[in-house]
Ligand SMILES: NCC(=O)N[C@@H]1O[C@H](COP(=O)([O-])[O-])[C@@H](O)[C@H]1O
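Next up: a single chain in structure tokens, the form predicted on its own.
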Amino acid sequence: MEAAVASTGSGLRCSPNPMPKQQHERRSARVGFVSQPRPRAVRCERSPHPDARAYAAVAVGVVAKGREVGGVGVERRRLAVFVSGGGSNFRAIHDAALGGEVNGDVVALVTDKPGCGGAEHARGNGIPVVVFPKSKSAPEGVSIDELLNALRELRVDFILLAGYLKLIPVELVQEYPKSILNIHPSLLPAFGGKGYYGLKVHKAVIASGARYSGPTVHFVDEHYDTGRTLAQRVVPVLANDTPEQLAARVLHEEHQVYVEAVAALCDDRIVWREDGVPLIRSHTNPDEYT
């Protein structure tokens, strides 16, 4: 059975800017899944996997008990992950959330390629899948307004891009200020921007003669790869590296640094310096930053 997220006409009260401080207001909102999709409703797919139903109930319908951070209880955050491919970073984040390493739950998977590996993993784990944007290859896709309505009704706190190749619409950036993260496989600002993705990045790094590369976690703005850097990991570029070899080493670091950054985001441990640079407060020592 396919589930449709109830339209905003169902009486949900949603904030136009779902920031963490508004968690209490959003907690009362309910997402309804109906057996017959309404005309122009956002269509979300849910797998009949026998173990998925219990997870979906937690992810979509329940705000779980939070953990203590700096002596203050923090509610579990609700995360939407955007993917276009296999979704290995999505899987790493999902596993970390299920294992308690990340104080949040993945409540939606957004993709422009409904047949990709990331979308299949989401369906197999009871996570609603939303196709965006609508295109010739994905006619079941939704508009930006429908996507925003779905995210509001799912009470999404943060958006995580994990290999999503489309430019994020300005409407989404404005709806979630300082609340959208991306992972890029180079040390930005080097080898970033439109057209730099996947093996193309690693080929360019090797061709340049750079001795170091590595992943960058950054906040998302209206352009490709220009948002403020949050975290990086350095990976050496070896003399005889192939793009595939370099990609494998960078990907290993991607999973670790992205999970750590998402954990900090969900724990409210990101502090913005006066000059606009985001820093991560240490989980064990609130006086230390990374």
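Numbers follow the displayed sequence, beginning with 1. No experiment lies behind these values; they were computed from the predicted model shown.
One more form of this protein exists, namely the form predicted together with this ligand; it is left out here, but the text below deals with it.
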Problem - Location of this ligand contact in the model of the complex, chosen stretch of 97-105, 204-212, 184-192, 123-131 [non-hydrogen atom, 4.5 Å] - result: 184-192
Handout entry: Proximity of residue 111 to this ligand in the model of the complex, heavy atoms at 4.5 Å
Key = no
Handout entry: Interface membership of residue 254, this ligand in the model of the complex, 4.5 Å heavy atom rule
Key = yes
Exercise for the section: Answer yes if any heavy atom of residue 162 is within 4.5 Å of a heavy atom of this ligand in the model of the complex; otherwise answer no. Expected result: yes
Practice task
Please run the contact check for residue 141 against this ligand in the model of the complex: heavy atoms, 4.5 angstroms, yes or no?
Solution key: no
Fill in the blank from the handout: Within 93-116, the residues having any heavy atom within 4.5 Å of this ligand in the model of the complex are none
